[in-house]
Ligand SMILES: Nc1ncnc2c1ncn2[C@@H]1O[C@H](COP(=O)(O)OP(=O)(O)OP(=O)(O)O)[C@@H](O)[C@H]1O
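Quick setup: one chain, the form predicted on its own, written in structure tokens, and binding and motion questions come after.
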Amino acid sequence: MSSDIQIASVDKRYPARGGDATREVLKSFNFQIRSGELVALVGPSGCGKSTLLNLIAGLDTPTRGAITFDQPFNSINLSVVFQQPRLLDWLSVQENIGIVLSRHDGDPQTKRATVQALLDQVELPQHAAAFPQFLSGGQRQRVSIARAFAVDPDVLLLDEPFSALDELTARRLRMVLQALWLDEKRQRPTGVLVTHNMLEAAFLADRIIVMGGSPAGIRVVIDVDVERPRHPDDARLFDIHRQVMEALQDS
């Protein structure tokens, strides 16, 4: 089941170059991400968004403070969608998705059905046997999204997943991601999205954390009170975009 994420008094420091000094990236970061909600992290480049995502993923540890879940970390199904798809070129599309199911119980027929259903949802059913090098960038990222949802994740981390795509393709994939998020046949994961696209944050997120400063902290938290499913041209999202931009200018 999806999990609350509690970020409590987290600092993160790294050794500075050429000596014993340290560089502080995050300072006294406190925030709770509620089970089943999607929170977007926005802020200037280098403000610590990806650092915080890595800490949540368990790829790094805080210098001080703690990040905790409401269930043991080693029992959580955690999926990550990166900026680059990171597919295995020697495996077909269906094999790239199915490989994450190898550690899960279930017969091969059930696994094939799971993969096929996801390919249908990301609009790639005709490419099941294709290899990644023969797909477009947008198609490869669709496979990456399908793979992330294959394990029915408790926590889903999205690290600028559409920033390498043209805006038309990115817009379509945001709609695909929203449809997967709202699919009532699976649990809704707890999500964290790092993005530089403020409209993307408004379209996808329940709340937007505007980060700033050096070391970084929370400048403001903006609620996105727009019912789902959302349409990317909804005027209310542009109002949220304006609020985020104003908060960034003040940071």
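These numbers come from a predicted model, not from an experiment. Throughout, we count residues from 1 along the sequence that is shown.
What comes next is about the form predicted in complex with the ligand, which does not appear here.
Taking 23, 47 and 160 together, does each of them reach the ligand in the model of the complex with some heavy atom inside 4.5 Å?
Yes, the whole trio is in contact, each within 4.5 Å by some heavy atom.
Is residue 34 close to the ligand in the model of the complex, meaning a heavy atom pair under 4.5 Å apart or at it?
Taking the distances in the model of the complex, the answer for residue 34 is no, it never comes within 4.5 Å of the ligand.
4.5 angstroms heavy atom contact with the ligand in the model of the complex for residue 64:
Taking the distances in the model of the complex, the answer for residue 64 is no, it never comes within 4.5 Å of the ligand.
Considering only heavy atoms, tell me if residue 196 and the ligand come within 4.5 Å of each other in the model of the complex.
Judged by the heavy-atom cut-off of 4.5 Å, residue 196 is in contact with the ligand in the model of the complex.
My question is simply whether residue 238 lines the interface with the ligand in the model of the complex - judged by any non-hydrogen atom within 4.5 Å.
Result no; residue 238 lies far from the ligand in the model of the complex.
Tell me which stretch of 218 to 226, 198 to 206, 23 to 31, 64 to 72 has a heavy atom within 4.5 angstroms of the ligand in the model of the complex.
In the other structure, the partner sits against 23 to 31.
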